[in-house]
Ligand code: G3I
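In structure tokens, one chain follows: the form predicted alone.
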């Protein structure tokens, strides 16, 4: 049974991780004249884990000294949220832009953090440079290989791994997405080629396929697993599975645990690659904000505990998709137009640790 929120927070107070700022656990009793003691510093989240704990970052936020310090304190791995994607790197004329990804890589290197690459090929992002050769088989295949070699090869020896192909499965689980890559290179063949080219560029990097809603849509999860099984049987250099883990607080208890066990049955390392837990996307009737926050706590604990229970060799990393709530993609007008508000991450707008952080720490620790 999942421990209660009160019990988990109480058990973490001795370590300095409570709910009110996750550090103000010891308060003076009523009627005492002395002032409250100053809150204890929040222990680093990574100190509770026996595996890499990551955070998605952007150069804009890393240029803020307070954000940079918070990332370096709590995390041992960083993922570029946007600036290592094709939309940023590949110019319309076919040239490359590496200023921001290089700066993020330098940040990781200077602070002793692992760098994870996200992503090489995604159905939702293409480029005019590829659109111009749509239908030209030989030219398209050569450009595809050259792009992957250029990007993955640039960070050879530094990036510990890559999301080589992002979100290849249809939401209803009926098959693979139709996209520019599949139309020119073949449905599963564009995935196999991407893995082969990435391995050619960096034989030491762990190569993953990444997708979302694997916890909430069992049919999609089954199709994703069949894809991975087929690639393994064909000898593709796939080294792990990325499960994005964008959750909403109305997800049923146990769903994350079931999905984690299913995915782990393939024997590959697992990356919880983009964790956030939305309050605004909870569609349950009459749920109060307080109840949604309690559900967020329980889901964070379950996700962390399910990952921590995996064999050591299958715990690739556990990554939060952003640092402060204000920086989350779920705050964008496109995702959340009225109003543009959500609180899906472990730190609030001011960078203060939230109860979600305590839930993750407890799950990592087996409490």
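Positions refer to the first chain, counted from 1. Keep in mind that what you see is a predicted model, and the values were worked out from it rather than measured.
What comes next is about the form predicted in complex with the named molecule, which is not displayed.
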* Location of the named molecule contact in the predicted complex, chosen stretch of 81 to 89, 108 to 116, 214 to 222, 140 to 148 [non-hydrogen atom, 4.5 Å] -> 81 to 89
* Would you check whether the named molecule, in the predicted complex, lies within 4.5 angstroms of a non-hydrogen atom from each of 48, 302 and 365? => no
* Go through 293, 74, 154, 246 and name the one with a heavy atom inside 4.5 Å of the named molecule in the predicted complex. => 246
* Report whether the minimum heavy atom distance between residue 321 and the named molecule in the predicted complex is within 4.5 Å. => yes
* To do: Using a 4.5 Å heavy atom cut-off, state whether residue 125 contacts the named molecule in the predicted complex.
  => yes
* Does the named molecule come within 4.5 Å of any heavy atom of residue 274 in the predicted complex? -> yes
* Give a yes or no for residue 167: in the predicted complex, does one of its heavy atoms lie within 4.5 Å of a heavy atom belonging to the named molecule? => yes
* To do: Select from 327 to 351 the residues with a non-hydrogen atom within 4.5 Å of the named molecule in the predicted complex and write them out in sequence order.
  => 329
